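Just the one chain here, laid out as structure tokens, in the form predicted alone.
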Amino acid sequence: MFFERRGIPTATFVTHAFDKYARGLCRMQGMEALPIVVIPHPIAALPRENLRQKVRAVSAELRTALTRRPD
């Protein structure tokens, strides 16, 4: 949120287990449009390649979040 408030695009990664919580925090901060990229839960004990696959699956969403024009 610090960077977003200064006009620097960011993307926050969360697993679907934390999606609702993350969006609630954004609403509380008045930043409903903050990009949140959701990947499947769990990720804690995954081998590195499995995690990479999950991130690759949302790469277009990540690219959009990072190249958008700030509000």
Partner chain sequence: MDRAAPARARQFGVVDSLSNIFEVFDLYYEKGWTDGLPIYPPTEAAVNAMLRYTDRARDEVVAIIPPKNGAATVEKIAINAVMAGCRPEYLPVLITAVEIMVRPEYNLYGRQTTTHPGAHLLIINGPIRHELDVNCKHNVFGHGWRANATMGRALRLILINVAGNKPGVTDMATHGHPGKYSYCMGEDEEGSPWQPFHVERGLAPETSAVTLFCAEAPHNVNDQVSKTPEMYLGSAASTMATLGGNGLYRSALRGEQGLVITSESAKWIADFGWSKDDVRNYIYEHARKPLRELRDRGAWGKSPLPKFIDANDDNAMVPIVGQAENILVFVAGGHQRHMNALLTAGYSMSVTQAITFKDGTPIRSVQDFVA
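Positions refer to the first chain, counted from 1. Everything quoted here is computed from the prediction, not taken from an experiment.
The form predicted together with its partner chain exists for this protein as well; it is not shown, and the discussion that follows is about that form.
Checking V58, L25, V14, A11 for any heavy atom within 4.5 Å of its partner chain in the model of the complex turns up a single hit: L25.
Taking the partner from the other structure, its partner chain in the model of the complex has a heavy atom within 4.5 Å of a heavy atom of M1.
At a distance threshold of 4.5 angstroms between non-hydrogen atoms, G30 is in contact with its partner chain in the model of the complex.
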